[in-house]
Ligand SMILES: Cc1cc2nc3c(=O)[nH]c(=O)nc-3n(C[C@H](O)[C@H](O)[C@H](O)COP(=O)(O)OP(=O)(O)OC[C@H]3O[C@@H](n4cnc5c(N)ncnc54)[C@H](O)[C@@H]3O)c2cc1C
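There is one chain below, alone, in C-alpha cells, taken in the form predicted on its own.
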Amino acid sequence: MGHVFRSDVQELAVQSLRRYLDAEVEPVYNREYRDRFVPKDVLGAIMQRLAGFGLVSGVVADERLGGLGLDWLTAVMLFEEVATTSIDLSVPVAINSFGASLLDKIAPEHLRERYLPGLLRGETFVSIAVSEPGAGSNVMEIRTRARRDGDDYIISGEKTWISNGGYSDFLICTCRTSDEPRGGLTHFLIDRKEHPYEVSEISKVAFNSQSTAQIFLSDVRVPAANILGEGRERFKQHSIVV
C-alpha cells in the first residue's frame, strides 16, 4: 500500500503492529515453525495479541461484543502487515475475520452473543465450510445434507480444503436442506464440542504452518436454532461467506 497516504493514527497503528510482528511473530513463523504446523496454543496466544491491534475485532462495530469498528482501509493496512510477516498466519486471521463479519451480519442474536466475543478476542477459531470434493465454487452442487428431525437437523457430508479446519472451535457449514437448487441451501453453526465433527489435515507442498483440512460430518445433530440467515435469502448470503 505504498501508494496510499496514511493518517497519523493509521501510521501509529501500523508501526505498533509492525514492532510486535518483528519481535514476537517473525521468529515463530519464519524460524521455529517454518513450513511446519503451528500448534493451536501457540497460534491462539498470537491471535489474542493481534486482537488488541484490531485484527479480527476491527471488522465488527458492536463494542458491546468486543468489536472495534475500524474503517476497512485501516483494517486492510493492518492485515497487509500480518501477511508480509507470514502468509500462513494471514490465513487464520482472514478466516476468523470473515467468520466474525458473517456472524455480525446474519447470525441470530443468541449466536452472536455466544460466539462473537471469543472470536473477536482471539480466543476461538472458526472455519467456513463450503467446498466439497465434488463442489468447489459451484455451490449449487453442494451435497452435504441436513435433514430435519423435530427441533434439530441431522447433517451428513464431507467438506474439503477447509482453512482453519484443525483449529476450529465451531464451523459455519453450508448444507442442502432440500433439492431446490437455490432455495435449498442453508448455513448452520456447528459447535465442535457439542456437535463433534471429524477433522483430517491435508498434506500440502506449502502453507504448512496453518491448517487446511477435510471435515467429515456423520449424522451430526444440530439444533434448528443454529441456522444462520433468513429463508430464501440464504443463497444470496453465500456471497458473504466466500
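Just so we're clear, the structure is a prediction, and the values are computed from it rather than from any experiment. Throughout, we count residues from 1 along the sequence that is shown.
Here the subject shifts to the form predicted together with the ligand, a form of this protein not shown in this document.
Ile162 is the sole member of Ile162, Val93, Leu171, Leu119 with a non-hydrogen atom lying within 4.5 angstroms of the ligand in the model of the complex.
Listed residues Ile106, Met77, Val82, Val130 were compared with the ligand in the model of the complex; Val130 is the one with a heavy atom within 4.5 Å. Using a 4.5 Å cut-off to the ligand in the model of the complex, not one of Gln48, Phe53 and Ser209 places a heavy atom inside that distance. Considering the ligand in the model of the complex, the lone stretch of 135 to 143, 108 to 116, 82 to 90, 69 to 77 in range is 135 to 143 [heavy atom distance within 4.5 Å].
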